[in-house]
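What follows is a single chain, given as structure tokens, in the form predicted alone.
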Amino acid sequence: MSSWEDEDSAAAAAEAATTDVELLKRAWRNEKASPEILRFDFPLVSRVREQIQLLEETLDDFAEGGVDDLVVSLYQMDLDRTLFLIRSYLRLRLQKIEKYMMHISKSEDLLNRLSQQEQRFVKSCTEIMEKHLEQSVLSKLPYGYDSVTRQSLSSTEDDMVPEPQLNTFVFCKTKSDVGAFQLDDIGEEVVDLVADDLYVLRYKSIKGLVESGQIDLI
């Protein structure tokens, strides 16, 4: 393959990757700012991985074809940026899974937000944690205080399971006009959400808009 063909191929790959890189950056920002784990975007991650592989192959061709070092360095910067984003995105999700694994493992909705690999990770971590606590602590406690998820038999809910604080205030930006939006259950708090405006709102109130893509967290 000639150097010109290499450059054309790399340019086409970079152009195609631009949109997906921006989408990945948006997913990364949302995941970082959200108190709970969001839905894993499998199609986007798959496309980005394919583009990373293509760029790596193109850079190998550049090295063999003697392409100008400046051109190579520019494509290498794009590759490094994309690798950083996808690694950071996946790392953020793993940190949330480790922190809230007991809570996630008990919710079908939250489990469905995970990739297959993440689901296996949750199951494995939960089993290991429960086994460790049973052997090291719970087996030595009196009856009624030997639950992994509850303080005692009198507890009416899983009060030992950490949960994300959905009432946390977050910074967000609207992508389009939403109009009058109700922030509470009784209609006392209403805000007019205008396109491209910045707001500080409770995550719980706008989580539906985040999931639908109408609002981005920042």
Partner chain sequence: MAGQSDPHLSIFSPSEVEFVAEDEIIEIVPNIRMEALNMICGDFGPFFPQIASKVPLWLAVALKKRGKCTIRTPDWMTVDRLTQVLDAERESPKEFQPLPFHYIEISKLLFDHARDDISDAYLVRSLIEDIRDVRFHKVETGLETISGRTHAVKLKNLSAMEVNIIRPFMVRTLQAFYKHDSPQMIQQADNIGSRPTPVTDRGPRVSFQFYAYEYFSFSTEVY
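Just so we're clear, the structure is a prediction, and the values are computed from it rather than from any experiment. Residue numbers count along the first chain shown, from 1.
Another form, the form predicted together with the partner chain, is not on view; read the next lines as being about it.
In the model of the complex, the partner chain stays beyond 4.5 Å of every heavy atom belonging to Y145.
Taking the partner from elsewhere, V45 is found to have every heavy atom lying beyond 4.5 Å of the partner chain in the model of the complex.
The shortest heavy atom separation between M77 and the partner chain in the model of the complex is within 4.5 Å. Contact check for E157: no non-hydrogen atom falls within 4.5 Å of the partner chain in the model of the complex. Proximity to the partner chain in the model of the complex, defined as a heavy atom within 4.5 Å, singles out one entry of K140, H132, R87, R81, which is R81.
For the candidate set S107, S73, S136, Q116, a heavy atom within 4.5 Å of the partner chain in the model of the complex is found for exactly one residue, namely S73. Heavy atoms closer than or equal to 4.5 Å to the partner chain in the model of the complex belong, across 84-100, to the residues F84, L85, L92, Q95, K96, K99, ordered by sequence position.
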